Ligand SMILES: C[S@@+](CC[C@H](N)C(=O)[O-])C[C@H]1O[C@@H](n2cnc3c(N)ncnc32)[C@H](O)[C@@H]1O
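Presented below, as structure tokens, is a lone chain in the form predicted alone.
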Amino acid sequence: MKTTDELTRFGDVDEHELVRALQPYRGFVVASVLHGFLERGLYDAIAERPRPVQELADAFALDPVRLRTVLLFLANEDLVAIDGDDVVAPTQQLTEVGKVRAWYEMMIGGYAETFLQMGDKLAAGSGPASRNGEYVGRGSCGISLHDSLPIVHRLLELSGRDHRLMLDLGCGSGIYLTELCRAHPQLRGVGIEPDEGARDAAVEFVAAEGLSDRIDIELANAVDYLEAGQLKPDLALLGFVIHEVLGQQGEEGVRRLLGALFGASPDADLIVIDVDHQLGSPEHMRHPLAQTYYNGYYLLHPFTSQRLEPIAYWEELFASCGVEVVDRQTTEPSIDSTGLEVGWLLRRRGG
């Protein structure tokens, strides 16, 4: 039973304060429900054509009471419309959500469990929080189509070279390989992926894209693979991988990785994609997209053994490894005007 003091303290919160204070809770619930709605294929079904609620329940073998509850919840959030004949259709707001489903895959499917563990994982020596690697990989690759792949295309144009063999280190789903091989008919690709499940998923994805004759996926550690001398690529890619190497193996791990790559292929081009660490910069973090997306993105990294750093840090580390920056690009302002995502075209100094 609550004491009189406790009742008085909680009674001091009026309705307006309560509504304001519960907005983060509301957002968490909405995002969680949307992720499930997208993953189940329910959004795609009603985006194709409005459907009766019972038809949806039958088509997806769903509990009709639970489905109706979810739909009524979404209707109250102006995300779906249900007419008098019990037919459900997406609103414009849900259509916009459908366009950015990859962000929900990564940040909710991949990292919701991470966020929920943060209170416990603040303790010294508590170890890393867990994440769902499948959703992180799928979501990250989906987001890449929006922002980082245009950077890669631009850096390849600026390189002035006609590449023939590309090595994607930590290839995830393989989407960089398929998109770049499709854009460059002369290019062959090899993806290196240390996770067996992710490797198998990449093999399936490449096959589904009809590019198995030009792209191979190998289950291997990147450094071990390079040091074995099995491949001499003229183009290599590290897409959001170098900060994981830094977080888990420190600077020595980054040095070993770069040394192995340029030891195997001294004249190769290396493209690195990562995010400029500006969490403590009010100038950067006042940007609406920084508040909406990057603030949470920065938050999760130290909890999952990943280490983001500012641009200047990376360029000093590259230089100390005998690697020079040939060019540096960021996202198109119409896509992402924060300037926080960065891509480098790197070459061995004197190469």
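In this text, residue numbers run from 1 along the sequence as written. Throughout, rigid core stands for the largest set of C-alpha atoms superposing within 1.5 Å between the two forms. If you're wondering where the values come from, they're calculated on a predicted model, not measured in any experiment.
Beyond what is shown, the protein has a form predicted in complex with the ligand; the following relates to that form.
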Subject >> Exercise: residue 244 in contact with the ligand in the model of the complex, heavy atom 4.5 Å >> reply: yes
Original post:
Does residue 251 make contact with the ligand in the model of the complex, using a 4.5 Å heavy atom cut-off?
Top reply: no
Original post:
Closest heavy atom of residue 194 to the ligand in the model of the complex, within 4.5 Å or not?
Top reply: yes
Original post:
residue 262 near the ligand in the model of the complex, any heavy atom under 4.5 Å?
Top reply: no
Original post:
So which of 200-208, 275-283, 163-171, 82-90 is the stretch with heavy atoms within 4.5 Å of the ligand in the model of the complex?
Top reply: 163-171
Subject >> Residue (of 222, 181, 270, 155) lying close to the ligand in the model of the complex, criterion heavy atoms within 4.5 Å >> reply: 222
**OP:** May I ask you to choose, among 190, 74, 136, 108, the residue with a heavy atom within 4.5 Å of the ligand in the model of the complex?
**Re:** 136
Original post:
Would you say all of 141, 176 and 240 touch the ligand in the model of the complex, counting a heavy atom within 4.5 Å as a touch?
Top reply: yes
Original post:
Against the rigid core, is the Cα displacement of residue 194 between this form and the one not shown at least 2 Å?
Top reply: yes
